[in-house]
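Single chain ahead, by itself, as structure tokens, in the form predicted alone.
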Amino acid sequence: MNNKVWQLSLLSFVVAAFTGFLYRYGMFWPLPEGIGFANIRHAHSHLMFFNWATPPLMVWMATAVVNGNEQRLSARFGACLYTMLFLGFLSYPFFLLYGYHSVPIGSASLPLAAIISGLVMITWYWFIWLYWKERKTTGDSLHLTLYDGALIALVISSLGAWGVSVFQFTDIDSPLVSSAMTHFFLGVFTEGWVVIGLLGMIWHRAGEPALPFEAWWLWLPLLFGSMLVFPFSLDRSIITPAMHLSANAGLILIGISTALHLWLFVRRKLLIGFLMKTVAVLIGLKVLFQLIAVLPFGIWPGEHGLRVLYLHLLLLGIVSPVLVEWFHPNRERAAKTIFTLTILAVLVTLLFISGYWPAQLMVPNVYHWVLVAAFLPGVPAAWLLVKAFRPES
């Protein structure tokens, strides 16, 4: 079952990569009729969230609580994970064609993409219920503790998404509230669910370490920090001093906890080989960016260019290589190396257009390079997808 979930997730990545390329393509040539930039962005991001950043993490968690028993894994979690992936794929065309707008169905008009997104979140709860049933029979370990913390973050993040839906049916006319709830979801989902879960995966393969401090330092600051940073995604002019202070505190908490993980990884030589050393460097850049953002340099993490760069640094630069390495251990070295290099190419081109790259060092025809780079990661991902269907995989 692990391999089937991975195949479907890899397929999602290939589709999402093509969608990202389509977004950049639209800057030079006309897009297909009826497809707008906002819808492409929604389709791209939701497929990455729903089918790339979530099911592979969950299947690893499920494997941990069933002690690697493949039959029990399929019997307990198969229906949930396959339903989750199906709904993630189902949401894609509706986001691409309609975004969050309603779709006319007979005499009715329904926001189908939003409805399917809600069903996806229900499958998250389904998985958590199944996980906790199995978790009762397992002992305690660092990676299981991190998995527990990640799932708590997933539940908390979903409250922001539900809040946006409920808010639409109230009489309150405040775009700030809706935007704050959306970015609360994104903050806790990425910094809480994704980061804590990914760190748990790394510790899962590393065994049970002896820590020089309490284990809660490795997940509680990430959880609480992820709930505080959403003001950085809002318009700077509407942020109160108290909100700015709490967002800074969130970045500091996230930075400290992530830096502790990185220090332990390096100390124990857990991130070896080109792929994982690249991940280590990118984790270091993530920590550096968050701590610099706290200092009075005038950097606002919510600026569009920086936010796009940061999300790709996290979800593409850190998460994707770890998933590829964990599902293709000790094989497909050439494909994994090329995959990592294409990811770095994307990050470099996004740095060029972040708004903070020196103008005198700007590359000529930079947006053409951004277009080319956007296409590249899908190629080795498709290669890995084909390899994943081989019997020996």
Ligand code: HEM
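Residue indices: 1-based, along the sequence shown. Model, not experiment: these values are computed from the prediction.
Keep in mind the form predicted together with this ligand is missing from the figure; the text below concerns it.
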Query raised in the report: Hey, in the model of the complex, does residue 41 get a heavy atom within 4.5 angstroms of this ligand?
Result: yes
Query raised in the report: Would residue 380 show up as a contact with this ligand in the model of the complex if we use heavy atoms at 4.5 Å?
Result: no
**Report entry** 4.5 angstroms heavy atom contact with this ligand in the model of the complex for residue 23
**Finding:** yes
Query raised in the report: Hey, in the model of the complex, does residue 316 get a heavy atom within 4.5 angstroms of this ligand?
Result: yes
Report task. With this ligand left out of view, choose which of 277, 72, 101, 304 has a non-hydrogen atom within 4.5 angstroms of it in the model of the complex. Result -> 304
Report summary line: With the partner omitted here, the residue among 291, 142, 311, 87 that in the model of the complex has a heavy atom within 4.5 Å of this ligand is 311
Query - Candidate spot 49, 52 and 320, all three touching this ligand in the model of the complex (heavy atom, 4.5 Å) - result: yes
Query raised in the report: Going by heavy atoms within 4.5 Å, which of 23-31, 330-338, 57-65, 355-363 lines up against this ligand in the model of the complex?
Result: 23-31
